[in-house]
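Heads up, the chain below is alone and in the form predicted alone; it's given as structure tokens.
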């Protein structure tokens, strides 16, 4: 297909530039694109945010719903993260059930939030053994120009930080437009992804750079020095030193991103 040929040509240009110590958009290897965060974009969500990494454009929405607890955790609420790559965002995305890329992204975002312990699930208990809060985090692409992992991570965190807990009346019915307080977050986990291209480590890869990548390594960190989760993708590999470098970059870059929250 003609589109495949164009992608291959762009990937070749990316690799050639990286080998010369440059990126096609002029950024340094460890430099992120401009990040913009727009909060409270939805009146219907309990918390929401839109995030732009250059031309990458994503939306996160949070909805809190009373649900039944799991039998083995009767006094703990839970979270559920779902990602949808809308076809309008990329010629590579199609309608239909979530693909493996969407499921991988949702699981990585979920793991970073869950394992960081930023949410106290016991505080999401409404009545032990009977009813708890389920925090649904929905992620949508508006435009894909690369690094959806990090864009969705900061969008999800931004939305959670704005989330209001709905007020309940008898029989656990939500009172529309009324709230009992804000959702408390003990930590602020953020995912930072490093991409390996032509043997070099690149931060915040754009779409063309992702097409040229050998592998990627995503690390979720918190502001108090905790590494909550990580995920390796792609068919290539990282040396032990490169993994250490990816982790160091993740801590440094997340620290800078949190300043915008």
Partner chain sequence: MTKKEEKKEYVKNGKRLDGRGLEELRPLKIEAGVLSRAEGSCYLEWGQNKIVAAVYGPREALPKHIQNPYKALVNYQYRMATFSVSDRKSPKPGRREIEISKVSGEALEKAIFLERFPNTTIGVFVEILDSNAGTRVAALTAASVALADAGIPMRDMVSAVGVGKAGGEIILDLNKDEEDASDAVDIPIAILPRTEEIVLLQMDGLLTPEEWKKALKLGLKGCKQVYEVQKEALRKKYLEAEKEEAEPNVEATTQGEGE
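Please read all numbers here as calculations on a predicted model, not as lab measurements. Positions refer to the first chain, counted from 1.
Heads up, the form predicted in complex with its partner chain isn't pictured, but that's what we're talking about next.
Looking at residue 162, you'd find every heavy atom of it more than 4.5 angstroms from its partner chain in the predicted bound form. Although the partner is absent here, residue 57 is a contact residue: one of its heavy atoms lies within 4.5 angstroms of its partner chain in the predicted bound form.
Among residues of the shown chain, residue 116 is one whose heavy atoms approach its partner chain to within 4.5 Å in the predicted bound form. Its partner chain is not shown here, and in the predicted bound form it never comes within 4.5 Å of any heavy atom of residue 127. Residues 37, 120 and 179 are none of them found to lie within 4.5 Å of its partner chain in the predicted bound form, as judged by heavy atom distances. If you take 143-159 and check each residue for a heavy atom within 4.5 Å of its partner chain in the predicted bound form, you get 143, 144, 145, in sequence order.
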